[in-house]
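This document starts with one chain, in the form predicted alone, laid out as structure tokens.
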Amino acid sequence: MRWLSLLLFLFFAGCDKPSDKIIIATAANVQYVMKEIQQEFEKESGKKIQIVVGSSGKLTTQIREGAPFDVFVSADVKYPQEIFEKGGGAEKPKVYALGTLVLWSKDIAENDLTTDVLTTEKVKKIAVPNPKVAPYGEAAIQVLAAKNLLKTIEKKLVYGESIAQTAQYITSGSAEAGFNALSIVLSDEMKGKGHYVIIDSTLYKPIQQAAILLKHSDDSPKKAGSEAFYQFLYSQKAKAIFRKYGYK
């Protein structure tokens, strides 16, 4: 199974035993936030966590196939709800934040960065997270449809398998513009790399991001730690970190 190679990677990435660390499956748009939350949680609890980053859809597939994750922090509600309905969650998923969509470019100035510029010769490629597995990609397609631009620029669209890959296309200049999460452009790693504008939130469905505590057996050595991290995710400390990255 594909998750077996993941388990081996986690084993050799610093764990003496696979059960040593709480493994958090994390949607790519939340990866930089999660690093800060990880620091705070580990400092407060003394427990160690390991973050595995990917698109929400691909992480869901890995969970279905038996990947040894303890908590799933998704970019939407749909995927965690699906896991819960199929018996994989200890309790119903809860929304932890609302995401914000941006249009981002390495070279196009902020004043010129509108959805209309996407139809011009200035933009030959538009990076979009794959809407089949990435909720921010789904939101981007909704925006283009609402603006009646989708058919006009469809051939320019270049899909990244996650927010992270889409960010690489934009910051490298491989795509002249693209859609991404506000949390990514506000991160220390991406801050100052190009220009961005926040997309009118009435043009796409609210990006409700939810997490789910995955089911553990009662005698699992990671059950208590996983529950503690899940609770910490909704604490005031964690909420302050989410707000810092532009989440509502």
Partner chain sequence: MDFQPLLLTFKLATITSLILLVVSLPIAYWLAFAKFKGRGVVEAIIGMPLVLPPSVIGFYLLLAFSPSYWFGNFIESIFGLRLVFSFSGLVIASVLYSLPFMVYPIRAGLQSLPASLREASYTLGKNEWDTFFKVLLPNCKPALLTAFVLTFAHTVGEFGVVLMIGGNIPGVTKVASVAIYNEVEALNYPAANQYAMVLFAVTFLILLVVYSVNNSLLRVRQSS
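Note that the structure is a prediction, hence the values are computed from the model and not measured. Residue numbers count along the first chain shown, from 1.
If you look for the form predicted in complex with the partner chain, you will not find it shown, but the lines that follow are about it.
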Problem set entry | Residue among 61, 208, 201, 38 with a heavy atom within 4.5 Å of the partner chain in the predicted complex | 61
Problem set entry | Contact assignment for the partner chain in the predicted complex, among 158, 117, 150, 90, heavy atom within 4.5 Å | 158
Exercise. Any chance residue 82 has a heavy atom within 4.5 Å of the partner chain in the predicted complex?
Worked result: yes
Exercise. Heavy atom to heavy atom, is residue 111 within 4.5 Å of the partner chain in the predicted complex?
Worked result: no
Problem set entry | in the predicted complex, residue 176 touching the partner chain (heavy atom, 4.5 Å) | yes
Problem set entry | Contact flag, residue 77 vs the partner chain in the predicted complex, heavy atom cut 4.5 Å | no
Exercise. Okay, which stretch from 51 to 59, 23 to 31, 190 to 198, 66 to 74 lines the partner chain in the predicted complex, with non-hydrogen atoms inside 4.5 Å?
Worked result: 51 to 59
Problem set entry | Heavy atom of each of 130, 165 and 172 within 4.5 Å of the partner chain in the predicted complex | yes
For this session: Output the sequence-ordered list of residues from 86 to 120 with at least one heavy atom within 4.5 Å of the partner chain in the predicted complex.
Result: 106
